[in-house]
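The chain that follows stands alone, in the form predicted alone, written as structure tokens.
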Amino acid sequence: MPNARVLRDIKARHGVNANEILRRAYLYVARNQTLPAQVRFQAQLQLNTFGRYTRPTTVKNRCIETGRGRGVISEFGLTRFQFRQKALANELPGVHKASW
């Protein structure tokens, strides 16, 4: 069973992907100085109606095993420690301990 933080991050990623185009359109209208103030204000109000998990800043890389948010190796989705454990156990394809 995934960690609650991981589930929250997955929910945020789906929300961002589902609303990205509409959010960008409203953001463009809200920031466009050549448009009338009333139109820009309406676009800002529409932006405020979006939920919390539609903002791109809520998405964070987390370890898929532990849910930890720091020290994540993004190619594998694992923290440094989990990456080392899985590499030593030969659970990661193409990764092995270096020795010279």
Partner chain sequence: MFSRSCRSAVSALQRSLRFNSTNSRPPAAATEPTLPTGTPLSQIPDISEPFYASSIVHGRGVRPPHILPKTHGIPAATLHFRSYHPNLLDFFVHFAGHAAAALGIPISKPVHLPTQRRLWTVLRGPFVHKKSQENFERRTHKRVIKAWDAHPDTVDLLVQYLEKHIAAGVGMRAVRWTRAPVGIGAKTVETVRGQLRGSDAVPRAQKVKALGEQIVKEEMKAAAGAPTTEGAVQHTAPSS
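Numbering follows the first chain given and starts at 1. Nothing here was measured: the structure is a model prediction, and the numbers come from that model. What we label the rigid core is the largest C-alpha set whose atoms superpose within 1.5 Å from one form to the other.
Keep in mind the form predicted together with its partner chain is missing from the figure; the text below concerns it.
Although the partner is absent here, Val95 lies within 4.5 Å of its partner chain in the model of the complex, judged by heavy atoms. The closest heavy atom approach of Arg24 to its partner chain in the model of the complex falls within 4.5 Å. Within 4.5 Å of some heavy atom of its partner chain in the model of the complex lies at least one heavy atom of Pro36. Proximity of Lys11 to its partner chain in the model of the complex falls outside the 4.5 Å heavy atom cutoff.
In the model of the complex, the residues of 66-84 lying within 4.5 Å of its partner chain by at least one heavy atom are, in order, Ile73, Glu75, Phe76, Arg80, Phe81, Phe83, Arg84. Core-superposed comparison between the shown form and the other one: the C-alpha position of Ala25 differs by less than 2 Å.
When the rigid core is held fixed, the Cα atom of Leu92 travels 2 angstroms or more between the shown form and the other one.
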